[in-house]
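Below you will find one chain, with nothing else, as structure tokens; this is the form predicted alone, and questions on how it binds or moves follow later.
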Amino acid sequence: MCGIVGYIGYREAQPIIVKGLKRLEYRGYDSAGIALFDGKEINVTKTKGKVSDLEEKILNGNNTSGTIGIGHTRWATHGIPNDVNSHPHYSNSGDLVIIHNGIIENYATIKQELENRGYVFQSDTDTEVLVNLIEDVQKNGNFKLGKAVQVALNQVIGAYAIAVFDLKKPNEIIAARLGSPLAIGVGEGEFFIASDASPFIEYTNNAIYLEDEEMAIIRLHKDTKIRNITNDRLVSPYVQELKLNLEEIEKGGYEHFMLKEIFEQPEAIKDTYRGRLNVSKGIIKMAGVEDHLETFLNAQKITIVACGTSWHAGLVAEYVFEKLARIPVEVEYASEFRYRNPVISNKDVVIAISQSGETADTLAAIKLAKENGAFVFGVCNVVGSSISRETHSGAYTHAGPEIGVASTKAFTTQITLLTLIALRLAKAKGTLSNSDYKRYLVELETIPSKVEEVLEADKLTKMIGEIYKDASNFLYLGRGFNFPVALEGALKLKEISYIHAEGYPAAEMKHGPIALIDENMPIVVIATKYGHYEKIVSNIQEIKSRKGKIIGIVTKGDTQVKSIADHIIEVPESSELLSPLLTTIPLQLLSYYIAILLNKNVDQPRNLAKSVTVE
């Protein structure tokens, strides 16, 4: 949530910052703003709404030149979305200007102290409190900006990624982070600041990722200095080469990023097992697992912590690990795990899953697990992200950039990766016969081509969406490995179409949800050939007797469900264990087309952010 872009160099800053803000729109926001230094004064333009609204306001304004600037997309926490609460924010003197992602939890106390000293506030934000705290520290301590920022940040409680500019220090920007990502692009005679690398990838492929409690002093014609905010130690900057390229973050001819990412899944799944799966030799090899194989094999239990779609992937993994490797697995919402006293010890393995690698609740869960002595393994998509650095070991999904807020390829690549791990452990433990092990390897290698086959049903899915786009409620049912897929299908529909939907284990329908069923209720039932098929058919018959409308996800060639259901979407035959990689695809497409038919913004659904970096 929220997005930061900054520039200091020899180019005009305004077009770089505006383009960068557009690249960060996927993070979710409700307002946008920019501050530019023209050599004499700081000029701020900001507005409620989209970056396009900001762009229009800039075009109608004056003083948009300058080679130094900072920009922001805001997702409201303190203060409603409006022009005043939008970032950037000035200090009382007008000398300092700041942009800020995150949340300052003790802002009210600090604000009261500053008001007692004569400070006046224009907005309702915690960010304006922070910039005035920095100014107060700077003034009373006679500090340079960097030192003032450091002292001020040691007084705040919360999370932040900030960029601060001082009119009196026109060749310098201070950046700092705690719990919210921040990257510095290093070019020739220029520097970029952003929440991720996408805003500056076309200008440089060298980046420094700030760690928590680190502050960067970025000066023109000088090396960037990085200090630890708490202990004031200098930190040697680690400049890494980015693998991201510009084409990957463009739509590539698709109308929306979400549709592009749905259709990228065959290649994304292949990229996730490429180099790790060798079917001909019967080998699965992943360095992050091999280096700690004994830890996994001796684990008392595995606890999976995640949020949202990643939590659903974790639920699928629970079924997979327990079936294949016979290791007890618990799946926890990271947001709940962090606030109770879980039974975790040094005999446990905790797997943390996050697409972005920056999810605040999951990072907090990792910290708690480490404090209790557990071995923590990270599963994420973004190279260099916080989770990849905070865990003991881990593996990347290699899904490529996921820009659409509603995760699609993140889900299938997470399941692919976790299945590889479970198969490797099962092989090492001897809990799976050689013939079954080889069968799963062969089948996993064929999944991308089967996903391509499912994607050919997109026109049928769109037609079904047209029929049910005006429904007020949906019910999604699945059993076994496909119960989490039902949950994920319901979540996708809620996220992007704003239609209420619920996912349930099919057998639980009789314990309450059946009361909702009538002729106006569409029910999506995952009824593949393997996995309690006869039980699912019985559930479908119960629904039909109450006039519910059935959309069946069935194995190709199915006749029994086809004779009962109102609509069917076929998927290729697969084992139950790997079927979630196929059955989720039509549910993603159905959600997408319903949302499009309702004229919803599928890439930036209301109130949602791609990466939830604050509570």
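Computed from a predicted structure; not experimentally measured. Don't overthink the numbering: it's just position in the shown sequence, from 1.
Not on display, but discussed next: the form predicted in complex with a small molecule.
Of the residues Q355, T412, N101, S86, which one places a heavy atom within 4.5 Å of the small molecule in the model of the complex? Exactly one residue meets the criterion: Q355.
Can you pick the one in I523, A406, V164, A313 that has a heavy atom within 4.5 Å of the small molecule in the model of the complex? Of the listed residues, the single hit is A406.
For the three residues E318, T419 and G480, which mark the spot I'm curious about, does each lie within 4.5 Å of the small molecule in the model of the complex through at least one heavy atom? Verified in the model of the complex; spot residues all out of contact, no.
Stretch in contact in the model of the complex with the small molecule, which is absent here, among 105-113, 440-448, 486-494, 336-344 (heavy atoms within 4.5 Å): Correct option: 486-494.
Is C307 near the small molecule? Define near as a heavy atom within 4.5 Å, in the model of the complex. Yes, C307 is a contact residue.
Residue contact check: T359 to the small molecule in the model of the complex, 4.5 Å heavy atom: Output for T359 is yes: heavy atoms within 4.5 Å of the small molecule.
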